[in-house]
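Starting off, we have a lone chain in the form predicted alone, written out as structure tokens.
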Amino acid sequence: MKIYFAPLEGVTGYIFRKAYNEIYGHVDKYFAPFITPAENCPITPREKKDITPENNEGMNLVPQILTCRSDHFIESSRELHAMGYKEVNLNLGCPSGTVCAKGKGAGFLQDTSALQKFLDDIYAYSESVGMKISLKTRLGYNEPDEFYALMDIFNAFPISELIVHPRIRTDFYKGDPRKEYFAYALEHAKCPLVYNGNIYTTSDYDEFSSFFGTSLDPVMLGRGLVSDPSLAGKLKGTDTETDFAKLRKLHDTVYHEYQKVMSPDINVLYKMRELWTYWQVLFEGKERDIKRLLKAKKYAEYEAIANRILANGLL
């Protein structure tokens, strides 16, 4: 089976991706957190650093673009094509209020006529240069039934892959995914489909596959794969349980690499705190230590607590 790593802004940047790929592997395609092109700035220096090939060696990386302007999308795609990328992904799923207020992400799903014109433009470009464009979408903005009209639009274009997160914008990440709509996509989509949403364990995967009557392949994992970095190996049958030795190595590698590029202490610790909000589910009984770790402001304090928690996982 093929496993894709979803983009999580602020979490799955190149430092994390590189460490994860070297320590765990099992991921067939990584998606970079979105690029937001602006007038006369298709890709910022910070964004370029994240997706530059030398920072992503040994992995299959797909840059993601967040915009509602086809000219901005095409300008970014041109730069990415010049960097050697053969596929880009359009973000139609981000539920952030500030993003949607600008008509981007899931906010773009409200204006189907504008979306159709946008897709006309970008696929005309992609076919002229031989570049693949995949889409990552939600079901709609206000109502899940919006997905029926969206599928009709998507079916008119040569989408390389349609990644469906079966929630609407106002669901954010809460509640159960609306599985019946992905089932509709399985019956009606004219392009390859990828399922994304709420797979945290192998049991979750089996439950979803049973509901759809087919093994989900490819499947995109995001929060579930950050929460348990061994999940990809478990799904592929190479790992049977969470590997805490690898988790310790991932932690240490990411922590030290952040220290090389960021300062002062607190900025690095902000990044590590975000990872621990996911990892904490693996350390039952260590809630008090984790609460203290999330408040640490200096390296020495943080390291003492992190070492204690991680050592517990290896017992």
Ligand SMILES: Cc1cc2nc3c(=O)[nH]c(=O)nc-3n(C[C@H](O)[C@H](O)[C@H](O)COP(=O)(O)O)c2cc1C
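Here the structure is a predicted model, which means the values were calculated and not measured. Just count from 1 along the sequence shown to find any residue number.
This next part talks about the form predicted together with the named molecule, which is not shown.
With the partner removed from view, the residue among Ser70, Gln280, Asn56, Gln64 that has a non-hydrogen atom within 4.5 Å of the named molecule in the predicted bound form turns out to be Gln64. Of the heavy atoms in Asn196, some are within 4.5 Å of the named molecule in the predicted bound form.
For the chain shown alone, Tyr255 is not a contact residue for the named molecule in the predicted bound form, no non-hydrogen atom being within 4.5 angstroms. The named molecule in the predicted bound form is approached by Pro33, whose closest heavy atom lies within 4.5 angstroms of it. In the predicted bound form, the named molecule sits within 4.5 Å of a heavy atom of Leu8. Of the candidate stretches 153-161, 124-132, 74-82, 218-226, only 218-226 has residues with heavy atoms within 4.5 Å of the named molecule in the predicted bound form. Contacts between stretch 131-154 and the named molecule, counted in the predicted bound form as any heavy atom lying within 4.5 Å, involve Lys136 alone.
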